[in-house]
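Here we start with a single chain on its own, the form predicted alone, put down as structure tokens.
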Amino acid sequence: MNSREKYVKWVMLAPALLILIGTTLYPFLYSFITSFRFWRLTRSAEPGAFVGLANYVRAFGDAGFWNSVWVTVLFTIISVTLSMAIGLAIALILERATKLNTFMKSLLIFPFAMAPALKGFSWRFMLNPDYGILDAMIDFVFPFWSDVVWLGEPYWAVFWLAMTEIWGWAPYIALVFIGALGALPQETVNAAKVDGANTFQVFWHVTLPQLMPIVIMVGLLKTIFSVKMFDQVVTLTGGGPGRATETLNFYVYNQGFKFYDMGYASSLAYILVTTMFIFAFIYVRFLMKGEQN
């Protein structure tokens, strides 16, 4: 019976495994092989000759690639830093259990639940200089910015691209921090208050150090999602103005599906995959370390 049960398990798992192999493993290995070949769809429908590491060498000498790396780094720094800071601030405000806070907590998940592509379209509409409500509000509060075309200025475009991500992630991070704050022992906080510490001192010297494992874990997770961000670039800026918001993921997409350079796009994709693997490895190791402790 034990032997038969083993066979039954594999038979039941077989459809899912076949789908997984067909949709994930096979494309993953095929694109890896393609990254070592010359293949332009404009010249041939079949992969060309093996070129070794030429595609990877080309990447590190490509100004467009380094621009996309810089844009990705800048976007990630802004997105992760502000998402974490705003999320923690929201968590501290809503930590106390009241009816209003409970209602506000229930609303926090909605921005995160919105489709990333829809975020881009929504913010593009709101920042439109002719009829955008957000543009009108900024012009009213800061008249000296009334002539700024937000998505037409390189650094402002990167900032607003990051804001679409912050708008969705900060509330979700706040929920994580609210849960973490509720699990912290209150004895240390009460002891600090008895010793005369003010609110800021309690937060800085007692609460924040105890939250650091969660802060690091959430920061790594947010970094992973920021590095691979793609949807909002397509729907908000299209990589512009110029190449100001052309992230690495979007650059890979352009090389493969705009210029049809599949060999080069595959090599760029694996550079991105390697970067993601490093962050994921650190995240998993940290998570496992936390569980062991």
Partner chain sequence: MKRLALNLLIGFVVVMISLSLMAPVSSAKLPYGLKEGMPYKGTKLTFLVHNAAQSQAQAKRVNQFTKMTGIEVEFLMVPYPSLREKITADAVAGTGTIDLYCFLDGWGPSMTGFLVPLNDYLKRDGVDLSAKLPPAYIKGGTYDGTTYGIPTRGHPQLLLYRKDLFKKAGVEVPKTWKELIAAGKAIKSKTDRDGIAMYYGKGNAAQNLFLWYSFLKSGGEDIFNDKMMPTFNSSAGIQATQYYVDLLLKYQVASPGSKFFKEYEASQAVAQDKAAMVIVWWWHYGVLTNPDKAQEVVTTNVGFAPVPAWEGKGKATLALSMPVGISKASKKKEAAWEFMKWLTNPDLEKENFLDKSDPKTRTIVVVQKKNLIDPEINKVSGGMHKAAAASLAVSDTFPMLPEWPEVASSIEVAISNIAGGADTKTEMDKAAKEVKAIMKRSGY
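C-alpha atoms forming the largest set that superposes within 1.5 Å between two forms make up the rigid core. Quick caveat, the model's predicted, so the values are computed rather than measured. Numbering follows the first chain given and starts at 1.
Keep in mind that the form predicted together with its partner chain is not shown, yet the notes after this line are about it.
Taking a 4.5 Å heavy atom cutoff to its partner chain in the predicted bound form, the contact residue among Q210, N128, S122, N101 is N128. Distance criterion of 4.5 Å from any heavy atom to its partner chain in the predicted bound form singles out F257 from the list F50, Y26, F257, W66.
Screening 167-175, 146-154, 193-201, 93-101 for residues having heavy atoms within 4.5 Å of its partner chain in the predicted bound form returns a single hit, 146-154. The candidate spot formed by L74, K228 and G263 lies out of contact with its partner chain in the predicted bound form, as no residue has a heavy atom within 4.5 Å of it. Using a 4.5 Å cutoff between non-hydrogen atoms, Y253 counts as a contact of its partner chain in the predicted bound form. V234 belongs to the set of residues with a heavy atom inside 4.5 Å of its partner chain in the predicted bound form. Taking the partner from elsewhere, F36 is found to have every heavy atom lying beyond 4.5 Å of its partner chain in the predicted bound form.
Taking the partner from elsewhere, A54 is found to have every heavy atom lying beyond 4.5 Å of its partner chain in the predicted bound form.
In the predicted bound form, just one residue of 51-65 lies within 4.5 Å of its partner chain by at least one heavy atom: R58. Once the rigid core is used as the reference frame, the Cα position of W66 differs between the shown form and the other one by less than 2 Å.
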